[in-house]
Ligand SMILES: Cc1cc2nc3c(=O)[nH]c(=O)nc-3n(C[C@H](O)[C@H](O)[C@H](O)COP(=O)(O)OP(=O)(O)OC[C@H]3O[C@@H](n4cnc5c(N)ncnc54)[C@H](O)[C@@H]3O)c2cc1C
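As structure tokens, one chain now follows by itself in the form predicted alone.
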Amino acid sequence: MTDALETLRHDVRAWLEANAPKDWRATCTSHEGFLATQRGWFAKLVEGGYAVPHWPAEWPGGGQGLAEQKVLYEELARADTPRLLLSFMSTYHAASTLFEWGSAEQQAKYIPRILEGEIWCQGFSEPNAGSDLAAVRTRAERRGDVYVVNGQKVWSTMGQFADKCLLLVRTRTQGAKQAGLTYLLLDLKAKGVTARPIHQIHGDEEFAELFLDDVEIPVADRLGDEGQGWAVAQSTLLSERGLTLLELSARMRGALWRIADLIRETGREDDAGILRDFGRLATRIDAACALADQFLANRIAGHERVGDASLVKLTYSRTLRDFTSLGLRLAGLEAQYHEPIVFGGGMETGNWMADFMNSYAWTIAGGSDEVQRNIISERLLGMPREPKTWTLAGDAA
């Protein structure tokens, strides 16, 4: 590590010691506490110049390279600060798409509001469309200076708390599916918008579904040309720079003490099976952190291969499952009691049943484990591509 990075780490660590919230896990057991904590912590990071290191240099705190961002994420994980779930979509997906596709007027209108705390969500997924983005059916019809939109979106992260939405709509049904998509910026306070939270199995409501009934969106709030939505959406999906998995892996290693405490509290210090599983888990977490670290180093050096990110994600999701599974096993029957959810608390809160159920989300979100395995086998290992048309034995008859 260079002297400059060491200095940055020292500065960030000192700043976090003075400014990181200390009691956020206790206050985030209600949505009101979660929202207040997230908004307050984001504002503090903006003030300190650590909220948007990935933005261009002309913005406060921007212009940092991946190596500098890595140091910041490592220190945020080390200090056990709240993850910025509420503003993540705003600072990454919305901002990056606006920087690449937005006009000067659109950037001037929307980017400063993100730093002021405006919340964005993403309106891509739809019922019956699965992971097929090109299957979007929400319709937008242009009438003069506005688009009139009708349809439904689902799995919009933090959608029930958001102010704006990155909306992918269909403006043409003829020709290639991808060519009929258009990208709009939706004000969620517009007439005809209904946001309904989705209650998840572990008690949280991280997602919402959006219902759009004759919603009018000005043509001036379109990104790219009409029919260019597929290309704009690809920019949105590529906006996150891969540092999330590095941060999450570091947070999991930092939470290993929870398992060690459980072993002591349950009197399992001499249980050879438990100690074996704990040792394997610790080794796997170290490997996950090393893999994420190597991935970022390769990206910085320009040596990233297609499929490397899948390897990191698959390793993290499987290790997280093992982590929460061992915690749930050690906690025993008491873990079956309902405990208040720490909203936005991450995946290692010590509420073992909730943590275990939440760990399954990471085997689906951002591409399922099965998809990641296909990418790894085809792109990294050079194995034959998965057949697109096949039948089970006997089906042909």
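Basically, rigid core = biggest C-alpha set you can superpose within 1.5 Å across the two forms. The first residue of the shown sequence is 1; numbering continues from there. Note that the structure is a prediction, hence the values are computed from the model and not measured.
There is also a form predicted together with the named molecule; it is not shown, and the following applies to it.
**Q** Indicate whether the named molecule has at least one heavy atom within 4.5 Å of a heavy atom of Glu334 in the model of the complex.
**A** No - in the model of the complex, heavy atoms of Glu334 and the named molecule never come within 4.5 Å of each other.
**Q** Taking the shortest heavy atom distance, is Trp155 within 4.5 Å of the named molecule in the model of the complex?
**A** Contact with the named molecule, yes.
**Q** Is Ala361 a contact residue for the named molecule in the model of the complex, using a 4.5 Å heavy atom cut-off?
**A** Yes, contact at 4.5 Å.
**Q** Answer yes if any heavy atom of Gln122 is within 4.5 Å of a heavy atom of the named molecule in the model of the complex; otherwise answer no.
**A** Yes - in the model of the complex, heavy atoms of Gln122 and the named molecule come within 4.5 Å of each other.
**Q** Looking at Trp101, Phe207, Phe161, Tyr73 here, can you tell me which has any non-hydrogen atom within 4.5 angstroms of the named molecule in the model of the complex?
**A** Comparing distances to the named molecule in the model of the complex, the residue within 4.5 Å is Phe207.
**Q** The named molecule isn't shown here, but in the model of the complex which of Ala233, Leu314, Met89, Ala140 has a heavy atom within 4.5 Å of it?
**A** Of the listed residues, the single hit is Met89.
**Q** The chain here is shown without the named molecule. Which stretch in 325 to 333, 368 to 376, 23 to 31, 42 to 50 comes within 4.5 angstroms of it in the model of the complex, by heavy atom distance?
**A** Stretch with heavy atoms near the partner: 368 to 376.
**Q** Taking heavy atoms and a 4.5 Å limit, what residues of 280 to 299 are near the named molecule in the model of the complex?
**A** Result: empty, none.
**Q** Comparing between this form and the one not shown on the rigid core, is the C-alpha shift at Glu68 2 Å or larger?
**A** Shift at Glu68: below 2 Å after core fit.
**Q** Core superposed first: is there a CA shift of 2 Å or greater at Gln372 between this form and the one not shown?
**A** Shift at Gln372: 2 Å or more after core fit.
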